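Consider the single chain below, provided in structure tokens and representing the form predicted alone.
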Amino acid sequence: MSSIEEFSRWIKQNNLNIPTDCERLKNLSLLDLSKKKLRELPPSIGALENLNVLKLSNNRLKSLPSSIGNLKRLRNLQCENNLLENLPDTIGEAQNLVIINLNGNRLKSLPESFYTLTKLTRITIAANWLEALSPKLQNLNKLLYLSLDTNNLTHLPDVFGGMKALYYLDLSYNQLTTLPPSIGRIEELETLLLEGNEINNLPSLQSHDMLIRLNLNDNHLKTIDFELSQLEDLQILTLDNNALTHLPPSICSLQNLAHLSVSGNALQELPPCIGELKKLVELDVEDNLLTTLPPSITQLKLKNLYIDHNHNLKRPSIPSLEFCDVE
């Protein structure tokens, strides 16, 4: 029996609503096996030589067959919310992979062959158990989108300098204490999410003049040491639950900043120049040590203001204000 016939038989055995005609299977470009309560895939899946998209999400798969490497035309592999503990070494043979989604599995590491998938533009491996990444990550220099949040990473290889097109990087909820300097050299970066780590100092991020969103919530930052004013496109800056005692005056140069959140710090004052943030519509300074607000705050066009849990702050007179959490 040929592999394609074996796969056809497997479909029938599992009562899957998929055509079983061998010729049609051989020419199949998209196969959706999501939400089928599958515990394993047969090796015969490797016979689907024309497959472009394989969807395996929301099953109970603990592994993928090594024949996955036979899918030479596979471009998109969706395998989130399974029980994968490892990837087969043959994954590197699927050289046309562009998108891979492995969110919500149990991966502690990636095989070395994974780092030969140089056509990858989008990788999401959030909510796994990853402990480390290989320096060979630098081979994946076509990446546009990389999500590694909610893993067990304690450090990162210093390999990001060559990722010229990377625009989205999510490293939230790991155990990082520092960031590699090369993160400061990602030229096209628009979103950098670092929430929920143990970072106490940052590399220079001032070269990120295209950065739109920067999230540094729930870290151990005491100061912002880089030149914030260089982040001229920044629209959303969140620094909640750190150990900041002041904000640098250079923050007032962020002319595109619309949302600023620094709740849960140890701020004793805000920069006097805060009123220069002409596009700011939301400001959250709850749960700090503020006794007054700078007079220039009345120049802002704020819609939402959060100032509770400071020292008896009163609602300022701002005509545009739609909500304030104190009177």
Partner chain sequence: MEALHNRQICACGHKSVAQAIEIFKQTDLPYKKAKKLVTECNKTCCRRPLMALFNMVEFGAIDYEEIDFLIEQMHSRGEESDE
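Residue numbers count along the first chain shown, from 1. The structure presented is a predicted model; accordingly, all values stated were derived computationally and were not measured.
The same protein also has a form predicted in complex with the partner chain, omitted here; what follows describes it.
160, 173, 226, 167: which sits within 4.5 Å of the partner chain in the model of the complex by any heavy atom? Selected residue: 173.
Of 124, 242, 78, 82, which one comes within 4.5 Å of the partner chain in the model of the complex, counting heavy atoms only? Filtering the options by heavy-atom distance leaves 82.
When the contact criterion is heavy atoms within 4.5 Å, does residue 195 count as touching the partner chain in the model of the complex? Residue 195: contacts the partner chain in the model of the complex.
4.5 angstroms heavy atom contact with the partner chain in the model of the complex for residue 219: No, residue 219 is distant from the partner.
Decide whether residue 149 counts as a contact residue for the partner chain in the model of the complex under a heavy atom distance cut-off of 4.5 Å. The answer is yes: residue 149 has a heavy atom within 4.5 Å of the partner chain.
Taking 4.5 angstroms as the cut-off for heavy atoms, does residue 106 touch the partner chain in the model of the complex? It does: once the partner chain is placed as it appears in the model of the complex, residue 106 has a heavy atom within 4.5 Å of it.
Is the partner chain in the model of the complex near all of 2, 86 and 134, within 4.5 Å of a heavy atom of each? Contact check failed for every one of 2, 86 and 134.
So if I measure heavy atom distances to the partner chain in the model of the complex, which of the stretches 66-74, 26-34, 48-56, 257-265 falls within 4.5 Å? Partner-contacting stretch among the options: 257-265.
Taking only heavy atoms into account, state which residues of 297-325 are within 4.5 Å of the partner chain in the model of the complex, ordered by sequence. Heavy-atom contacts to the partner chain in the model of the complex: 306, 323.
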